[in-house]
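In the structure tokens that follow, a single protein chain appears in two forms: structure 1, then structure 2.
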Structure 1
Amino acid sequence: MKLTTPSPLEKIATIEILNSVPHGVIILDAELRILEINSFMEVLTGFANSNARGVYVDYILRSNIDNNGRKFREVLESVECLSVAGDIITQHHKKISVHFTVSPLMVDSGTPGGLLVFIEDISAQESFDRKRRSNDGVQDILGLSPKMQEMFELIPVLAHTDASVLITGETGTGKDMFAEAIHNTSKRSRHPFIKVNCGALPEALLESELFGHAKGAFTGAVKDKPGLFRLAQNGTIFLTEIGDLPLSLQVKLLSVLDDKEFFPVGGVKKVKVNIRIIAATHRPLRQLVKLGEFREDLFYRLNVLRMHLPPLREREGDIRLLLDHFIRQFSVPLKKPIKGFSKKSIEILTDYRYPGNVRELRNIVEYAVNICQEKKIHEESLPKYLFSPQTDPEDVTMEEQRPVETVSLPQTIQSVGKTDTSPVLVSDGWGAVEKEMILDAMRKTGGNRSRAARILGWGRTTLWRKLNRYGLN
């Protein structure tokens, strides 16, 4: 585009074109003086094109991005486009979010003779996104894949009712976060959200924790304890790892779900509660029902509304999104100037199957950020186990389930009650491999379970459960 003394015809054509653009457009000379602004920009700034001509851009634009034209000058010097988000103050005294695209305009000599600044008003989009996020309560959950969008759309539907929800999905898929999002979106959001890990507490303690106890109910019960069900009054109680809930407590939970009342341990007075129950598990509850490990009536009572979270390997494009998110999250506190991953690392990370899903990906990035000493994360900074042959997580899940299916019923029940033996184990196959992996991780970390769990890409609870299963505890 010629910038030097355009003919009247060219000039008319230029402004006509600019005015037909439904976004702000400014043309600047090499001194950053305004040559033309379009009618959209006139409305935004309140300055007429004729008055604005010849004035330095920062005084008309009133943006937060340009410190004395420094950014615009950088574009002139580098001859590279700049795309940056910022805000401007309009003639109506509103600060609006905009997106700037600054492009150099080359003259015949091949040097930049000016700039074209394109300003897109993104305030409506931002406020819509903000509103949507605050409405959904899902601001902490990342995912752009169609499968995740389906999950996001399901949240307001599930939040609308008081019916029980059963969230299923592999470990690390975000069951806890979705449960919290459902609570935050529901009308109970002003009331407590209480999370209970049914697999983390011994049976006797769990009953007391859930339903509370009366003073003197057992040794050490020196005063009344309300219990988590009562603490969650008017709110939501989230029972995670519901598949690990002992059978005796399943009966009590079923009666609470039916009657909305229960007796605390050792108590003589019934307690009424108004709570919503959300349960989650990574175990196949239907199979556990068949095996007699989970009560059928409780399963159907919980399984009113079902949400199955997709594993990370099925979420197209989300791996890159999460990698970028976690790299920012971990590099900022460590003050490391890490810009991203090398091409090879990205290939390895996107090809990996992530049996531990988002939790595993997060741990991999945390490891890499800590190890990396360069600006980009190369494959040397990735955990070594990524390079060993992988077992398909779907096969793993099936392998894990197969031994449970093959053993006889009494044996299995016995194995749940007594965690020291391993009748469900097979001497070879995945069980043995997994046991070996656990032993290896424990050896490496000198018995530190938290670190071992991190290496294995599991939560501490999962490791604890597996230690019990393999009799390693």
Structure 2
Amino acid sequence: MKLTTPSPLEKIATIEILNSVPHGVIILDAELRILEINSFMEVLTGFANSNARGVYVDYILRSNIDNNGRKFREVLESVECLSVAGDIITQHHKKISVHFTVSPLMVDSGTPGGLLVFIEDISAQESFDRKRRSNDGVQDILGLSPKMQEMFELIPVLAHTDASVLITGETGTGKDMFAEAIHNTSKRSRHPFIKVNCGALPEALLESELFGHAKGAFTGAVKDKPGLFRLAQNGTIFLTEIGDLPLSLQVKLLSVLDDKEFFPVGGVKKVKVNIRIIAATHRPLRQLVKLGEFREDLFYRLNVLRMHLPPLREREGDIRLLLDHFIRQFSVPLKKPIKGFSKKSIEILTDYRYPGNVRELRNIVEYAVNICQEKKIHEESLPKYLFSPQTDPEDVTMEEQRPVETVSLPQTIQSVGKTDTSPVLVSDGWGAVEKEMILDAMRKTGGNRSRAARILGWGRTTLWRKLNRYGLN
């Protein structure tokens, strides 16, 4: 890099370029006096550029890596770049972990005429690393693959803001663990982390659980109930399976996101909350928006920050890592001296596609450890379904490829969904029977889901979930 005397216009352009860099930048002359610092460096140290010009660098940049400019002078003498981690003390006496990159600036004579110093704030990453080593649950997320390393690097970035986060990924990929990791790394970590499964409760009960209710709001409401949003005050509320949230509650959630306040069920006074919302789903929300099953405005309000977790089949090398971890986890409590897997078992387990991802792998190892009576787990101790032909999780189900047989519904089933004994086409046991029951109920009600759910004896949320499961939407 050449160091020449810039014109006024060049100097303005240089300052603009420096200010656009998202790290601290200092330009020094050969005497280690400051020529320029950028705006990021002003914020980092607390010193203004106008006050720093002409001042020796060690008066502004108080660091543990440099004693009276010794390291910087070594760069000038050796003309070799320096890259090292350290920390600085700001004007307000705050210690910040940073990474220094120091490069010589060459003049026309070919000798160094100054230094260019880049300073990257790594305090967020270090904070995350410390919490991963502590007992906060983050250390339970295992992965050495490049895709998982990207996820780990994203956690401190998402933790340093209060914006909504949408975590997507297939079932069993660890969405709840990453949500808790973001919370534990954030400034809200001392406050509650509350998890809510939006598909686990009927609509009326879910509303009361989330927003609370006033005394007398309905039969059995003998006293005020605060609700999970109020219990999560100053913390994080994690809405898993957000795609299953009923439309009526989606409107209310949107109000919470926009205004940070809501009415409890049966209440007349608004409740204000200070919370962060993290949502997760394994379902394609964009498609649900097109189908009218999910509000578009809520989707964009939740999708401010996005984390998409990779499926296990795309995490190169992580299967072996997880196998070793789970075998220790399950064999120690059972006091079984199991040392690992046989070569054949490893081949079977690494070739499997894992539609249930890490959760499925964990269950497989738990089953094998309980069954195994030897020092190594052989294929005989693995679940039998692993040896069946597999369908890629991204492909259509095998139901379309199986032969169709004709059966009659048992009387108990007929009484729920049918009133005659006409045969139905069944391709996959109970699943096909249940699908036919749903179709029959929907025909009788002209497509009215609420009435169809009552005929079937289900809640509306249950019917909606099964409609999606069988592709009937």
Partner chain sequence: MKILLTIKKKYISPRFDLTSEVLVALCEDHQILGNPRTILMTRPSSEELCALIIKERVNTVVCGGIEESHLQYLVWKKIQVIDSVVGPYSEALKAVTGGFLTPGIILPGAKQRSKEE
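Throughout, residue numbering runs from 1 along the sequence of structure 1. No experiment lies behind these values; they were computed from the predicted model shown. Basically, rigid core = biggest C-alpha set you can superpose within 1.5 Å across the two forms.
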{"item": "Selected structure - the one that is the form predicted on its own", "value": "2"}
{"item": "Shift of residue 333 between the two structures at or above 2 Å (CA, core fit)", "value": "no"}
{"item": "Rigid core superposed: residue 169 CA moves 2 Å or more between the two structures", "value": "no"}
{"item": "Residue 111 C-alpha shift between the two structures of 2 Å or more, rigid core reference", "value": "yes"}
{"item": "Residue 466: CA movement between the two structures [superposed on rigid core, Å]", "value": "5.2"}
{"item": "Rigid-core-superposed Cα shift at residue 45 between the two structures, Å", "value": "40.6"}
